[in-house]
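Only one chain is shown below, in structure tokens, and it's the form predicted on its own.
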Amino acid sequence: MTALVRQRLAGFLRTGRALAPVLAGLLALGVLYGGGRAQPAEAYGVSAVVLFPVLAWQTKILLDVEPDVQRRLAGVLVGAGRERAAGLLAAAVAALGTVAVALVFPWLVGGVTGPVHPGDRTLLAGLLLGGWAHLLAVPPAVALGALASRACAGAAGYGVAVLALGAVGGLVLGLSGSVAPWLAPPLLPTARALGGPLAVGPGLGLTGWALAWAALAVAGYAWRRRFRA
């Protein structure tokens, strides 16, 4: 399975398809940080929201790079479960690479600043919370991208619809006063939490929420893949 992960990552990089989501993410972050400097935790909380659809799109691209015949052969050789797991793992590795770029980018363009007032978080605390916010977005984004992939959604139009509805729905349902916030990953709730003091309990709750949402989406992906080669 490790070789299959490396093969999918290599195909994703060598074909040049990795450039589109990375450039889109940098463009979106450039617009975000162009509005002025902010504290790291607050800035990274919004950055994770902006990056969510980009990571989901990146996952879809990575999973769609592999030809259908090659994917079927991989399923025969290593087993259907391992083939699906290898794709998700490769997408997660690629997402972590994009997250690393997103964490460094604001420092290059002067989009973040250290503590200004006595009650502000320390720089280290802001960086750790910002990294946590981005890592929180990775599992739901990978799961959404997998649901939108060709192997799961089938026709390209269905995949785009799943990706668009998932990304937009995640933002709309995450707004304050949403009637069903639990239907979406906790992107906006996390960004709001980082705008003020965040206790350990709520932080663990948001983490569990994100992982549970991703687990359900991955279960749906695995179930759907049972009926498609």
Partner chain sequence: MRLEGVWARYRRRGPWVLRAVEVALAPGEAAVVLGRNGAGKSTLLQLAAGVLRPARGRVADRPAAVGWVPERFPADQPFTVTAYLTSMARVAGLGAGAADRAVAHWADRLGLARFGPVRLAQLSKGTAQKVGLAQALLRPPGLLVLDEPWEGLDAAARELVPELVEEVRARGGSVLVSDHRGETARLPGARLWTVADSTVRETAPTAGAAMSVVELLVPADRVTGTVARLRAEGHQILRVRADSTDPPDVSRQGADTGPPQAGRHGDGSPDGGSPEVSRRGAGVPSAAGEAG
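All of these numbers come straight from a predicted model, not from anything done at the bench. Positions refer to the first chain, counted from 1.
Omitted here: the form predicted together with its partner chain. The next part is about that form.
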Touches its partner chain in the predicted complex: L127 (any heavy atom, 4.5 Å): no
V69, heavy atom within 4.5 angstroms of its partner chain in the predicted complex: yes
Non-hydrogen atom contact A215 with its partner chain in the predicted complex at 4.5 angstroms: no
Partner contact for V78 in the predicted complex: its partner chain, 4.5 angstroms, heavy atom: yes
Residue (of L19, A219, A10, L211) lying close to its partner chain in the predicted complex, criterion heavy atoms within 4.5 Å: A10
Site check L89, Y158 and T207: each within 4.5 Å of its partner chain in the predicted complex by heavy atom: no
Segment that reaches its partner chain in the predicted complex - one of 102-110, 143-151, 69-77, 115-123, heavy atoms within 4.5 Å: 69-77
Sequence-ordered residues of 212-227 touching its partner chain in the predicted complex, heavy atom within 4.5 Å: W223, R226, F227
